[in-house]
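Here's a solo chain for you in structure tokens, the form predicted alone.
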Amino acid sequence: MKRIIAFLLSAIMVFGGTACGQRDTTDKPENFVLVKGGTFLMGSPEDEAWRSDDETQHTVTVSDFYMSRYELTQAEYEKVTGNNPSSFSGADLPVENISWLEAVAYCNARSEQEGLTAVYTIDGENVSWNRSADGYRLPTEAEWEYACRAGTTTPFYMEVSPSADEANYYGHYPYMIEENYFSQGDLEVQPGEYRQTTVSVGSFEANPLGLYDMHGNVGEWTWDAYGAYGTEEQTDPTGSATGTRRVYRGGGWNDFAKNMRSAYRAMMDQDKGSASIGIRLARNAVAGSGSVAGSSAQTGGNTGAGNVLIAYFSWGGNTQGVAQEIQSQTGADLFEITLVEPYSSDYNTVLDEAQRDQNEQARPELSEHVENMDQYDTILLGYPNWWASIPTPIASFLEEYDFSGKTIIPFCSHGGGRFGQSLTAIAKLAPDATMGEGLSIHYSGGSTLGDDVAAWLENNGITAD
């Protein structure tokens, strides 16, 4: 029955009348879907497993718009810009390692090449959006979620959740694996392949609107600056009026399923890219009006300036080893984040404890404290990737101090998921800090650890001792 309802709703969304009586003004672009406007509940219900506090449900109406069936490919990006910064190489693979600023610049360049009106006015890091322009643009966060859901209200547009045969993600960790790691027979979707790379766009079945890879492969930049949702009804919202951390949606090849949910909100500084973030284009189907002012460049600490603190949480010793290598190269102060009630030393037990704390968004009490955080300008923050995010002791640490005007530079030890969604978690907990370029280390880092740390420190302007 859910499938039938979703199909009927999607048929209305694709073929039905235009929202609010507006008239189509743009010819349908090739390989784009006309998404008919409508009203939906944006965000997630409070009982949705692994929801975040920033997913407050509220009623949103969106107007008609066009959205590309596919994530933007490397061939398409290179044809317009003449370069390809992607970490994985392949003409039909999605372009990635693109910052939000590079994404809007691409939109303008392609619009101009095709004789369309450029959507964005770009002045350094300040970007404004002419809503009446007919050129290529990024979807808003509301448009993206509306299109992804395609009339559904479940965590994913699938009736259950995606398997590794239906989406490209960290397939060892399907939805609800955290609670069922030792009882996987109870899972609706079993663990599957982890490809550790992007795949050609359109490799899996499309959602009910004909959009491919809305869950997985690469996350997709949206226009919106990150901010809290309101509870009031909104029409064609465009995100926070301030801030330069931009929202991306959908999850990527190295994300757990919980972070591919239709409502999940990830974000990153607009001048940074990632091997798991790409672009899906949109265009107006009806002429908008007015302009959305761009956000001023974030003012914060100067990366690498002033006194440096290395603060880290380590369970198995890998993160501690990285922290000690950083300390040996910089001479910076070293602070270990420890708990009043430490986690178990047994691996299987700590898996349960870590997922429990994450699911409850717990804040375990810390046993040691930084005596004078005000003296530090830059914090090199280390942690293991636990369940695709930060361990909750890191959250306790971030909430204990005021990081306004400081720079946080993350380093992370992992078993294959790189940063997961830990950078988003840190940015949400320290919204007034500047984020430096992170370093992900596979387990203990091996023989290249010293060189990797040295290159990372140099990239962030940290002077060696």
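When you see a residue number, it is the position in the sequence shown, counting from 1. In this text the structure is predicted, and so the values were computed from the model without any measurement.
This protein has a second form, the form predicted together with a small molecule, left out of what is shown; the following refers to that one.
Query raised in the report: Residues in which of 122-130, 222-230, 271-279, 387-395 have heavy atoms within 4.5 Å of the small molecule in the predicted bound form?
Result: Flagged stretch: 387-395.
Query raised in the report: So, Gly171, Met214 and Arg261: all three within 4.5 Å of the small molecule in the predicted bound form by heavy atoms, or not?
Result: So, no: the whole triplet misses the small molecule.
Query raised in the report: With the cut-off set at 4.5 Å between non-hydrogen atoms, does Ser413 touch the small molecule in the predicted bound form?
Result: Because a heavy atom of Ser413 falls inside 4.5 Å of the small molecule in the predicted bound form, the answer is yes.
Query raised in the report: Hey, in the predicted bound form, is Gly436 touching the small molecule, heavy atoms inside 4.5 Å?
Result: Close contact is absent here: in the predicted bound form, Gly436 is far from the small molecule, nothing within 4.5 Å, heavy atoms only.
Query raised in the report: Quick one: is Met176 in contact with the small molecule in the predicted bound form, heavy atoms, 4.5 Å cut-off?
Result: Close contact is absent here: in the predicted bound form, Met176 is far from the small molecule, nothing within 4.5 Å, heavy atoms only.
Report task. Flag Pro191 as yes or no: does it have a non-hydrogen atom within 4.5 angstroms of any non-hydrogen atom of the small molecule in the predicted bound form? Result -> Because no heavy atom of Pro191 falls inside 4.5 Å of the small molecule in the predicted bound form, the answer is no.
Query raised in the report: Considering the small molecule in the predicted bound form, which of Gly331, Gly316, Gly202, Gly210 comes within 4.5 Å of it through any heavy atom?
Result: Contact check passes for Gly316.
Requested in this report: Could you check which residue among Ala118, Val370, Met158, Ala354 gets a heavy atom within 4.5 Å of the small molecule in the predicted bound form?
Outcome: Contact residue from the list: Ala354.
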